[in-house]
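This document opens with one chain alone, in structure tokens, the form predicted on its own.
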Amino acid sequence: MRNIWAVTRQTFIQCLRTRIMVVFCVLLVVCVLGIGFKMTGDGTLKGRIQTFLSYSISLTQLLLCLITIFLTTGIITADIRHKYVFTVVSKPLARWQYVLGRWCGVVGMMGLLLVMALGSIYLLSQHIRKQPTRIERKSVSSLMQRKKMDPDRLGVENEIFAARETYLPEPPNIEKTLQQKIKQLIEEKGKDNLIRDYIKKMVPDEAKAEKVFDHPKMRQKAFREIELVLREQITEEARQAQTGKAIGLTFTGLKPASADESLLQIRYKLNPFKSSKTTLAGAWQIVNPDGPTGPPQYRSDSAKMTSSFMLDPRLVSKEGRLTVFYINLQPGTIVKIQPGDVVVLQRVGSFESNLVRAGLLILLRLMFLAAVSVLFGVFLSFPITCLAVMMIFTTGMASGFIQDATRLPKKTEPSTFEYFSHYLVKGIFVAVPTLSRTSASDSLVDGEYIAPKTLLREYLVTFKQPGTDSGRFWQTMGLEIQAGIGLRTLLTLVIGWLIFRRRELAGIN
């Protein structure tokens, strides 16, 4: 432990003396201060704070990632290139202690810079938060009453300086309607005729269709497929609202709130079905069986654009349920609400704790990049190592786009190239983490709660039902085990140590 600490301390001091460190620190200060005092956003106080948080945190993460890559790569490759490593390995110091000490020194320096940067961002955001909004500038009298009615101030306090959990509505309960529809079709056509018609539709050849129908298991399979098709049709109809009709959405698991707590927010997006309308008129009605029912919210929203409004927390029932009805008031237009287009956000934590968790997410990325820099730096030159690590960093940040672009098509038969690209990308992201899965800046800008389970997933492992996300190492007992960035960092360090251990640093002539 003493050897590791000695290398860590030496690396930390060496980082402070590096010129590139000074350059990046100056850039970091200029970017954070410049954005804090110059950015105005959309002219509102809320927009100014969101713009400041978005740009400052994103630039902080980018600059620290670049510092990590250049510092770690430069220190490791310089030790080998200038033969400094000879004096290190000739001492009673194991090579794994050298690798771990170098990594810890750089990560410690990056952690210190990250704390200073996030601390500055927090202080500046609090300074901007205290600035008056447009409504508050108009009159000093009854300022507290104006703050309660000011939508800009409400947005700042309830949407930014909060940590909010996102709740999705329950799937529509269509079982009763489905059984009635199946019963009606059986009464009209008969079960055998219903199955025979479906098989003929799927198998155009009449002789083959009869053979399929004569097989009992195939008849059962056909009937299950008929139920599945009907279920999809009824579910699709439940998500559509004719003019004057309503769609009911039920949210569960919310925290029953008192009158003095933060407001709830409903965020939604409306999709006109087979219509070119750009503006949709509608109303939202919230029903609470245990308490007051909110007045209808009459709104005119842009089609396919995200909108939102605030709700009184007392509208949540004692069981944590919230029932919301959307009423379509647009003449001659059917409005469709896709799954996930309507969500409820409720405050469950503070902005300060969310900022700390966001910092831990950024630190994890720095730890991984430092480990990758060590891995390549022990056997490659400085420019090649920088290029390799930058490619991995860029690929990880663009992981969402790359995976979507190479996803296999569902409606058509995939080509050979599509199969190749899809499984090639899946193989790449077994080793390269999906750095775009959780965004620290987006979470802070929107006030979205970064849950401890998110940190556990990123640092260690997560267990989930098998899906299409990358990162699968193995599956067991019907669950998918995904390795987090923390475990990948540890594995990368171990591989780097093994390569460094096997490398011959000097030959004998």
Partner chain sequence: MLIVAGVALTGAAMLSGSIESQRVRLKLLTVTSDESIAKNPRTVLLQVAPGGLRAPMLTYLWLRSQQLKEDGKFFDAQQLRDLICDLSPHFPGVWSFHAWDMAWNISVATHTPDERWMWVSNGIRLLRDRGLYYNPDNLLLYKELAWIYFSKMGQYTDDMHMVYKRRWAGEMNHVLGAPPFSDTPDAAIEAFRLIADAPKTLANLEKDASSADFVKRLAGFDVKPDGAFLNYYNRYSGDSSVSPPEWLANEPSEKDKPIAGLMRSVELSDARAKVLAFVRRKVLVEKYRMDPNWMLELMERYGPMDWRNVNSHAIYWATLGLHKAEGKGLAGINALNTDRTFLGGLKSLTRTGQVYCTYNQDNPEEPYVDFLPDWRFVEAVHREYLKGGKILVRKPSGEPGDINSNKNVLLNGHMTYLSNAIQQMYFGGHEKRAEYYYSEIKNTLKAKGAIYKLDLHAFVREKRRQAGVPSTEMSNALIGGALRRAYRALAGGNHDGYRRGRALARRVHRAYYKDVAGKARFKPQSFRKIERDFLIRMLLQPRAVGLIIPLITKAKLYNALSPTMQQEIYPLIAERLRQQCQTERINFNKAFPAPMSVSSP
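Numbering follows the first chain given and starts at 1. Since this is a predicted model, take the numbers as computed values, not measurements.
What comes next is about the form predicted in complex with the partner chain, which does not appear here.
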Query raised in the report: Looking at 422, 277, 200, 304, which has any heavy atom no more than 4.5 Å from the partner chain in the model of the complex?
Result: 304
Query - Which of 49 to 57, 451 to 459, 23 to 31, 64 to 72 lines the interface with the partner chain in the model of the complex (heavy atom within 4.5 Å) - result: 49 to 57
Query raised in the report: residue 134 near the partner chain in the model of the complex, any heavy atom under 4.5 Å?
Result: yes
Query raised in the report: Any chance residue 483 has a heavy atom within 4.5 Å of the partner chain in the model of the complex?
Result: no
Requested in this report: Look up in the model of the complex whether residue 300 has a non-hydrogen atom within 4.5 angstroms of the partner chain, and give yes or no.
Outcome: yes
Query raised in the report: Any of the heavy atoms of residue 417 lying within 4.5 Å of the partner chain in the model of the complex?
Result: no
Query raised in the report: What residues, if any, in 446 to 460 have a non-hydrogen atom within 4.5 angstroms of the partner chain in the model of the complex?
Result: 446
